[in-house]
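Shown below, as structure tokens, is a lone chain in the form predicted on its own; questions about how it binds or moves come after it.
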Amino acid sequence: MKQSSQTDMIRLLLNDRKKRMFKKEDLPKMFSKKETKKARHFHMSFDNYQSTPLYSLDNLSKALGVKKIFVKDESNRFDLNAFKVLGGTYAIAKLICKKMGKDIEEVDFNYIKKHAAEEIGNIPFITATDGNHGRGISWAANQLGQKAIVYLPMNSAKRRVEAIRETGAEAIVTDVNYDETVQIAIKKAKEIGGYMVQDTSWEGYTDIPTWIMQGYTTMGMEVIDQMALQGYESPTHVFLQAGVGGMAAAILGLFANVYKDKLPKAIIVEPNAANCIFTSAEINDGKPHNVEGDLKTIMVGLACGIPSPLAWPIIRDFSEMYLTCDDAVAARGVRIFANPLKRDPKIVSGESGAAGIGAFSIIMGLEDLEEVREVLGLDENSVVLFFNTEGDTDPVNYGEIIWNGKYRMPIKE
């Protein structure tokens, strides 16, 4: 493991531990084709299901010197503003199926909706969130006629709190950071006997976070089909942002099972203020490590200091490089998506969803990072995939970034 290069805005760490040759037993079984097909089949049973778009940014590709840039845009999944609902709905459905003694392949969303009340009564779903996960859980609970209690960390954007309450859930803002807010939610669930639906794992709590991650793979399955329709077997590179690591591990796990030894090179992106994955890789003992502090970053969906024990081994074994970045990098990405070159489509992205494209634009634009481009094989033949995991979930900050140039880049290009 060695640091390849750095600027004032980003730090990069090459993963020397990554498995180069894949054996069947190495592949994450929780993301097998069989399991991921179950999740997608369930999501397709929703009345308002449709695949989210996969955009091709051809003019940006030319400007940055690669063959193709694809962006999977999750900013309007199920008429919400983020991808997280995929995990929350699937986990709740699996929980109810378990109580009914049924496999999720046997039922659809309307069946779950019809039988939810008789199976779980009025016991509430409880979770902690930066906003997007909580809204997904509260929306799912509302669809099923159930209650939800959602805890948010200090300084949560007003709009994110309002969006959760609009689904009928109780939203409570704490005076502590995200990781401590999770502990508050766990305590509340124990006190009242509620169902804890959290997207990270701990000792004795693995089923629900596994189901949540499996739910995320629906967007990855869609990408595989959408790329094939455009004549591409697979991306050569994929940028995956990480908080606790659930989304990144889900997509990596799926891709490892599908592409095997042709796995795209995965770059894991985190904020400097909450880079628990990068820190774990830098310590390089194979174990996950926490970071502390207020975890304050505009990339609030990534503001997590404790890696998920379920996600970490997959990220450790299958990613190519770790990247940690300043808030200005995410803001740059928001502006890139919002101001397309020529006829490229405009994409409305929140700060967490834009971190990858912001970092990529720096990697491809700075002479100092030529070695990084060579190590990663980023060139005119590269097909690079990004996941815009959220829209403008904090419209006030989005406006500040777009209209007023907040969080400007201080580096020369």
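Quick note: we count residues from 1 along the sequence shown, nothing fancier. Note that the structure is a prediction, hence the values are computed from the model and not measured.
One more form of this protein exists, namely the form predicted together with a small molecule; it is left out here, but the text below deals with it.
- Only one of the listed residues (G301, P271, G333, G136) places a non-hydrogen atom within 4.5 angstroms of the small molecule in the predicted complex, and that residue is G301.
- Proximity to the small molecule in the predicted complex, defined as a heavy atom within 4.5 Å, holds among A148, I92, L254, A242 only for A242.
- Among residues of the shown chain, V197 is not one whose heavy atoms approach the small molecule to within 4.5 Å in the predicted complex.
- At the 4.5 Å threshold, heavy atoms of F83 reach the small molecule in the predicted complex.
- Put simply, N132 is close to the small molecule in the predicted complex: some heavy atom of it is within 4.5 Å.
- When the small molecule is considered in the predicted complex, G87 lies well away from it, no heavy atom lying within 4.5 Å.
- Picking from 202-210, 244-252, 325-333, 137-145 the stretch near the small molecule in the predicted complex, with a 4.5 Å limit on heavy atoms, gives 244-252.
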